[in-house]
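Next up is one chain by itself, shown in structure tokens, the form predicted on its own.
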């Protein structure tokens, strides 16, 4: 039975109302109002690396396959058809063939065919006529040799070698199919998809509007007539607006654990679900900029980190300590405590660690009276700024004097991708709970999302090795070994993984929040309003 929790669950007063969304006949009509936290850099999902783009525009598109929007866990058993009707591997496990839905139309009326599938992945591989300005997840498809077509309703993915998790990458909300006939530049400002909702308007710092697609190939869906997302960059203002009834839903997991207490008090009827975000707070250091090209400086910084203090201050103890992969119990590859304790900085005495860090810095000529002055860059939204302030305070313990530099969302990812920073408080969100997404995307030598330019041939070899292993237990052992090397190399020290809440009013039906990713449950074709 599916159980939805009222906001009071955060205080231990859980109220179950089983099978919401299936117990009543869906009512068509109405406008779903969701507030947005900031202005997306663009509307092009394939070119961006933030839920700020993915959340509002996932409903415009379809994938070949998608994670079941009504299942809380993303895993291989919850992958369902979308533009595809079926799929099958050949005996070699290197050819994956999809049969496609017939009669699907793009929002401009042109027919969807297998050529659109082929074009999309050639574009992601940098081989197509159309080119993306940014391509943050191209590395996901490094094992893809080619996509072939057999008529308009069949497409085959040909892989270099077997890759069990390949289908999982296709199911992510970050893997929509784009139209061959639409220029990528147009996708940034007025996207054309096949999805349940059509693009209407995108005004920076104001609003994003979508309208029901009357020709949607999934008959009877979507239920609501429109989606409106007003952009409010001040968190207090937007939460007050939700509490006053101006919105039906909050932005994904915008309600922190401390703020949830006020939500319970001010909006006791609101339904709030607290889940892990699969978004880690992590330290990024530009290894090419002096003095951070010195491994000893980076080691001192890692020794300064008190993970528990971050969690206690920002999540009231509800966050999770882990490595790059999503921690247990929700994470399929999370490290057990005995494995975490093996990693430098995860056990022992914080004071002793900091004393060691100070000794390193003093050996390099720094002291309390002569600190290393450093600019700490971060994105200009609260979930980035708040931990950045704590980081600055903790770095003081090893003779580093930090100055906060905040960067607006449209500029942030481009800035760190071109390595235009010294030190950053970064958030790394992961769309798929699998090493073939997370570790490949963030630590492979040639990845656009490898913001620190970390490159270790041993890690590359291990990443390739785990990708071909079919036994889950054996695969985990290799993944944990990768985690150990990443930690020892200070590739991107993971500080903690957050938990936060998404809230909506009881009249919103059919919405299910996924528990191991915030990126894959925003098709919104099943949502309806009971009012």
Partner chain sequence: MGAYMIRRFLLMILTLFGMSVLIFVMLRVVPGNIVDILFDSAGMVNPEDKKRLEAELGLDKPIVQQYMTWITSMLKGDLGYSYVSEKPALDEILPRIPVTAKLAALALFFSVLFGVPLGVISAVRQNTSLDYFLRVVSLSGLSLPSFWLGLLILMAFVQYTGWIPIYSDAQRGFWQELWLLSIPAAAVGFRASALIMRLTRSSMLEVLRQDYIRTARAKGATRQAVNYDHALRNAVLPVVTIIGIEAAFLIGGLVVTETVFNIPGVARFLVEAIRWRDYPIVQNLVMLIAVITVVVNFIVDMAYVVLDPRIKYEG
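Positions refer to the first chain, counted from 1. Please read all numbers here as calculations on a predicted model, not as lab measurements. Rigid core: the largest C-alpha set superposing within 1.5 Å between the two forms.
What comes next is about the form predicted together with its partner chain, which is not displayed.
At the 4.5 Å threshold, heavy atoms of residue 39 reach its partner chain in the predicted complex. In the predicted complex, at least one heavy atom of residue 244 sits within 4.5 Å of a heavy atom of its partner chain. Although the partner is absent here, residue 204 is a contact residue: one of its heavy atoms lies within 4.5 angstroms of its partner chain in the predicted complex. Residue contact with its partner chain in the predicted complex: residue 369 places no heavy atom within 4.5 Å of it. Contact check for 475, 484 and 491: none of the three has a heavy atom within 4.5 Å of its partner chain in the predicted complex. Of the candidates 231, 182, 340, 459, 231 is the one whose heavy atoms come within 4.5 Å of its partner chain in the predicted complex; the others do not. Proximity to its partner chain in the predicted complex, defined as a heavy atom within 4.5 Å, holds among 86, 150, 77, 189 only for 189.
None of 304-312, 353-361, 94-102, 132-140 except one has non-hydrogen atoms within 4.5 angstroms of its partner chain in the predicted complex; the exception is 132-140. For the partner-free chain shown, just 379 of 365-383 comes within 4.5 angstroms of its partner chain in the predicted complex, judged by any non-hydrogen atom.
Positional change of residue 75 between this form and the one not shown stays under 2 Å at the C-alpha, relative to the superposed core. Taking the rigid core as fixed, one finds a CA shift for residue 408 of 2 Å or more between this form and the one not shown. When the rigid core is held fixed, the Cα atom of residue 85 travels less than 2 angstroms between this form and the one not shown.
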